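Heads up, the chain shows up twice below as structure tokens, two forms, tagged structure 1 and structure 2.
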Structure 1
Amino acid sequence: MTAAELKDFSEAADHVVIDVRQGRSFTEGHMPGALSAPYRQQGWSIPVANWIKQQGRDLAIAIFADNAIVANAASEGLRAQGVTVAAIFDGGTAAWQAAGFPTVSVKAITVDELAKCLDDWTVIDVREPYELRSGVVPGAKAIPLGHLEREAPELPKDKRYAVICASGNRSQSAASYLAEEGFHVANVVGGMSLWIGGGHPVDR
């Protein structure tokens, strides 16, 4: 698939592009609308496939990667879970930008940085409700990732938002979406795992 074909694909209804590059690459620049799901050899395909199936509608999936080996491995992993991958793009942001298409970048913030200036941010926790039992950042607003598009129009755009999840992957996609919608947003690197691990306060 060429960059132009991928752009057309991404603009069609119920078409989803999954960016399988590692988190820092996604944060520094990715195609608009792509979801971040960094590929790993063990345990990657099951949760990603489950998320796709839980959307309640048939989605056409494309894989965005920066090399063919990872792209094909991710595709085969999803197919093994019963998810059809419609297309693969393995040229990364270099090929995407070379075709003249824009990328989106998202500010990254560490848990220590967030803790020092927590009053300056509105924290959005995009984990599922059952995950919140382990604790949330004090004052955080819970919006599961699947509900974000519906609830985003109700968020004031004059605030700064720090988006957090369990490990920083889902929050990358959420922060990217909010950035594309014109919000001042940052992704919390490492998510609640590092927040709790760093001894920062939580509400339960």
Structure 2
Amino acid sequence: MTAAELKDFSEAADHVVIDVRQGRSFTEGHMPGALSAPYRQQGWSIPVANWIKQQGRDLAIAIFADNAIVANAASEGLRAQGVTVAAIFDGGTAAWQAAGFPTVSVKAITVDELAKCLDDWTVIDVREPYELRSGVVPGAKAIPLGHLEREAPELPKDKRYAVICASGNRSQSAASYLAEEGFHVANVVGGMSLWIGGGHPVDR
């Protein structure tokens, strides 16, 4: 389908766009409202199909991908689990933007950049409480990923947020969510593993 058709599709009631690209690509830029579920050959189709079925209504599903091979594999995977994919868009954000449509994007920030201007950022650490024992960025606010949706409304919108986790994967989802909610956010690439590895200060 074309980008314009995808836009109309995504705006209809009970229509969902599933972005199957890698999490990193989703963070760098995605169409507003798309859900991220990076395709994997193993362990992807069943949980994604179950989530769709659990929504309790007949959702119309479109796949957003940046190549036809991954798009078709994801579509076939869902079909095998009894979910019909209504439409496939395989042009990626390049084709979406070329059609003049906006993307939601999250800036990526390196640990060195963050360390240099730590005062400009409010750091949100989305790891689980037990993981914080290895050390946290000084002044970081701990909000485990599962609590983010509940706590986000309390966060002031005029601040800049750098989201961090152990290796940069969970923080990607968290940062994307906050970006969708209208916050100014950045994802800390490589997470605490690179922060500590780079010899930056931690509170324990």
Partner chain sequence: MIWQTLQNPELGCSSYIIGDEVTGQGLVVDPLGALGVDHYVLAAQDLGVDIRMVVETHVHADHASSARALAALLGVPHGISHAAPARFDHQDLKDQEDLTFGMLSVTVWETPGHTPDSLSFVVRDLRRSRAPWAVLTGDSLFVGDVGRPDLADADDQAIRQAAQKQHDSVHRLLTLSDGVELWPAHYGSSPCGGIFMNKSPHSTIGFERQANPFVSMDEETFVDQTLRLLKPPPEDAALLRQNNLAGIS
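Note that the coordinates shown come from a computational prediction; the quantities given were computed from them, not determined experimentally. All residue numbers here refer to structure 1's sequence, counted from 1.
- The form predicted together with its partner chain appears here as structure 2.
- Each of 140, 77, 105, 23 except one sits more than 12 positions from any hinge; the exception, lying at the hinge between rigid parts between structure 1 and structure 2, is 105.
- A rotation of 35° separates the smaller rigid part from the larger between structure 1 and structure 2 once C-alpha atoms are superposed.
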